[in-house]
Each structure stands twice: as C-alpha cells, then as structure tokens.
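Before any questions on binding or motion, here is one chain by itself as structure tokens, the form predicted on its own.
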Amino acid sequence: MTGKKEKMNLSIVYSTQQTKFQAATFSGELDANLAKIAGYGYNGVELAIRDPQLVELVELEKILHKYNLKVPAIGTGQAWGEEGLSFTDPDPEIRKAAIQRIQSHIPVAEKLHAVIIIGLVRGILKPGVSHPQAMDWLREALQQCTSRAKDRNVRLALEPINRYETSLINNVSQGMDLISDVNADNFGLLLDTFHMNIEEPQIEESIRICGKRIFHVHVADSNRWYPGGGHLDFRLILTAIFDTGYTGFISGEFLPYPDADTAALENIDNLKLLLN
C-alpha cells in the first residue's frame, strides 16, 4: 500500500444509549463493551451520543482511560432518529433545538478531543420546503455551530449521506460546496465508504478532491457489512485516504452481522491485513 501508515488508528461505533440505528455496532453495558473493543485491538471508540446530558462524563472518562481508548468522534444522529431534531425542519423551534443540541456536544468534544459529526441531524427535505430554503437553514445552523465550536478548538464534520436517506448533501462535490458556503476552518467532511459506494462516480478520486478537509472516516462495505463482507477494494480506498495526509482514525460503522463481535473482529483483522 503506497502511503501506508505504520500504525492504523482504528475505532468502532459504540452507542451510549440504546438506539434504533442498526449500524451502531455496540450499545449498552459501557464497561463490558469498551473492554471488549479494546481487547479486540481497537485503540479508539467513536461514541454515538443522543444527548450529552444523559452521559456521566467523569465515569466515561474513567473507563476510557482504563482501557486506553481515544474518542476520535461523537455521532449525533440519534437526535434525529430518536427525537426528530434537525437543522432543516419547517418548525423554527425544532431547528433551534437541533442547533442547541449540537452546541451542547461542544464541551464534551473539547474534553475528549473529538470531532462532532453532523449526520442526519441536518434533516431531510420536508413537504412544503424548497431545496434552496433548506440549504439556507442548513448553512446558517452550521455557521452558528462552527462559530461556537471554534472558541473551544472543536471541529465539525458533515457526512455526505446517500440519496435514499436524505436529499441534502449526498456526495463529496456537494459537501465541498457547502464547506465554501459555511466558510469555517473547523468545518470539514466525514467520508463514509458505504454512502460513497452509492453516490461517488469514483471513490478514490472523490477522496483526493477532499484533501485536508477529511476530518473523519467511516468504513463499511458495499452491503454495509464489515470491510471484507462486500465488494469494495479497501486497499485502494485506504491508500487514497492516507495519500491526502490523513492521520486520523478509520472508524467502523457497519451492521452487527452476523453478530457484533464477529463483525468487529473481521473488520480489524481485514484492515490490519492490508498493512502487511
């Protein structure tokens, strides 16, 4: 692998609360699951947090330290999935609550040195709302959040998500245009190989276009199983990512199939094999 890293930083998604989102590989039983994740060889855990007020941060930090796990990113999508909060809802009170929720993650992200992920909390295009209006709301919300986060040296990463889940920012090109519109140094993209397989004409070229604006990376195969469970060429994908100079975590966000433990082990074994 050209541009390969001597040590690949690997993390996997863990949800701090039970969730309906299927691709949160682990959830519940904090100590037991973090012990398991560390034992499998991961050096990071991506935390899916619906509401920071529901997290005992001191206890969380203690357990993270116990297992020597870093937190590269905080997922926020459950605010949408469980509560319906979004930046582009026609109800101004819901938009306001979504902005406040993302801003409430900033102190936690600062403490853990984590990126805040903007996934489906961006919302979808709802009936009666034009696409330009939704994009205006999205840009304004991101500007408010990045401005607040900048004071705490926290970065935000928006994830381009496939057309079957939202009509707002599906691919890298649209994401890069939004970065220009928001105009904040602490705003970049989260690239997810599952979504890229649907939306990008050529995954490796799209990665190169992002360059230094890649703030975080999700891996899942073409069928949303662990890497190696589908048909994506992760050797080419990881080479393109590392060639941009990216030194962050490669984070597994995939379905817990055939079960969570097998998926976690297959992911780390298959990715580490690429370094040999």
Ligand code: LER
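Heads up: residue numbers just count along the shown sequence, starting at 1. Note that the coordinates shown come from a computational prediction; the quantities given were computed from them, not determined experimentally.
Keep in mind the form predicted together with the named molecule is missing from the figure; the text below concerns it.
#### Entry: Stretch in contact in the predicted bound form with the named molecule, which is absent here, among 238-246, 218-226, 34-42, 54-62 (heavy atoms within 4.5 Å)
The contacting stretch here is 218-226.
### Message
Under a 4.5 angstroms heavy atom criterion, identify the one residue in Glu165, Asp185, Glu205, Asp91 near the named molecule in the predicted bound form.
### Response
Answer to the contact question: Glu165.
### Query
Since exactly one of His195, Arg95, His105, Arg155 fits, which has a heavy atom within 4.5 Å of the named molecule in the predicted bound form?
Looking at His195, Arg95, His105, Arg155 one by one, just His195 meets the 4.5 Å heavy-atom criterion.
### Task
Would you please decide whether Glu200 lies within 4.5 angstroms of the named molecule in the predicted bound form, comparing each non-hydrogen atom pair?
Outside the cut-off, so no.
### Query
Quick one: does Ala134 come within 4.5 Å of the named molecule in the predicted bound form, counting heavy atoms only?
So Ala134 does not count as contacting the named molecule.
### Query
If you check in the predicted bound form, is Leu120 within 4.5 Å of the named molecule, heavy atoms only?
Yes, Leu120 sits close enough to the named molecule in the predicted bound form that at least one of its heavy atoms falls within 4.5 Å.
### Task
Report yes if any heavy atom of Ile161 sits within 4.5 Å of a heavy atom of the named molecule in the predicted bound form; otherwise report no.
Ile161 belongs to the contact set for the named molecule.
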